[in-house]
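Below sits a lone chain in structure tokens, taken as the form predicted alone.
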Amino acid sequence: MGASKLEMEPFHRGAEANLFLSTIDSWKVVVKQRISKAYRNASLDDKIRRERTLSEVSTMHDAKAAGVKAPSITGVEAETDTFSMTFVDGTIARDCLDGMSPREATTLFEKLGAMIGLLHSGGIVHGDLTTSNIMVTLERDPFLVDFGMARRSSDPEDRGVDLHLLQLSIVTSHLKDASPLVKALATGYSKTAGRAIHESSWAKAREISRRGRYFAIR
């Protein structure tokens, strides 16, 4: 990829990685570089960052192969724990959901549910599924971003955690009533996940919700 040779503009600083804006040819890209942790042994730190970078790239590739809308990988530089991906032009759902009409929001969440169903039926869980990690394009299509905690799993518990986290994100961060959005999410999910995955995942999400004494999933 040669990311170290690209002209990069700081875009976002996170606890685990920094994001930069750049271009490859005429394409606008986002470059993600994992941060070294001084509290870890240097060789262990290198190993962890390398493994997490390659795992994220791999799961993003597999998610797209399953039909999920996510950024496309444009290059990898394992030596610097860096990769680049296509820039998604849109707004983070966290910043635009409350401004949507009820119809816009439920339509968005039905599309989102269908995408999560594809992700889960493809044997992948996102691991950090909140409205901060969903981009909404100008066409009101959802894109999943930040696969840093994603992994391969067919465990209903892991799928239930994804669904529970998203619902909890709505309840704690937004003004909207969660019930219509959860219903739309489940409707979309049922269209792509298949009956067995749909039933086991939502059963686990309800169980997780009860364990934590949060809200009941309707």
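Values in this document were obtained by computation on a predicted structure and should not be read as measured data. Between two forms, the rigid core is the largest collection of C-alphas that superpose within 1.5 Å. All residue numbers refer to positions in the sequence shown, first residue = 1.
Another form, the form predicted together with a small molecule, is not on view; read the next lines as being about it.
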| query | finding |
| --- | --- |
| Contact assignment for the small molecule in the model of the complex, among 137, 132, 107, 80, heavy atom within 4.5 Å | 132 |
| Listed residue (63, 184, 161, 30) with a non-hydrogen atom within 4.5 angstroms of the small molecule in the model of the complex | 30 |
| Any non-hydrogen atom of residue 15 within 4.5 angstroms of the small molecule in the model of the complex | yes |
| is_contact(residue 85, the small molecule) in the model of the complex, heavy atom dist at most 4.5 Å | yes |
| Distance check, residue 19 to the small molecule in the model of the complex, heavy atom within 4.5 Å | yes |
| Any non-hydrogen atom of residue 96 within 4.5 angstroms of the small molecule in the model of the complex | no |
| Core-superposed C-alpha of residue 14 shifting 2 Å or more between the shown form and the other one | yes |
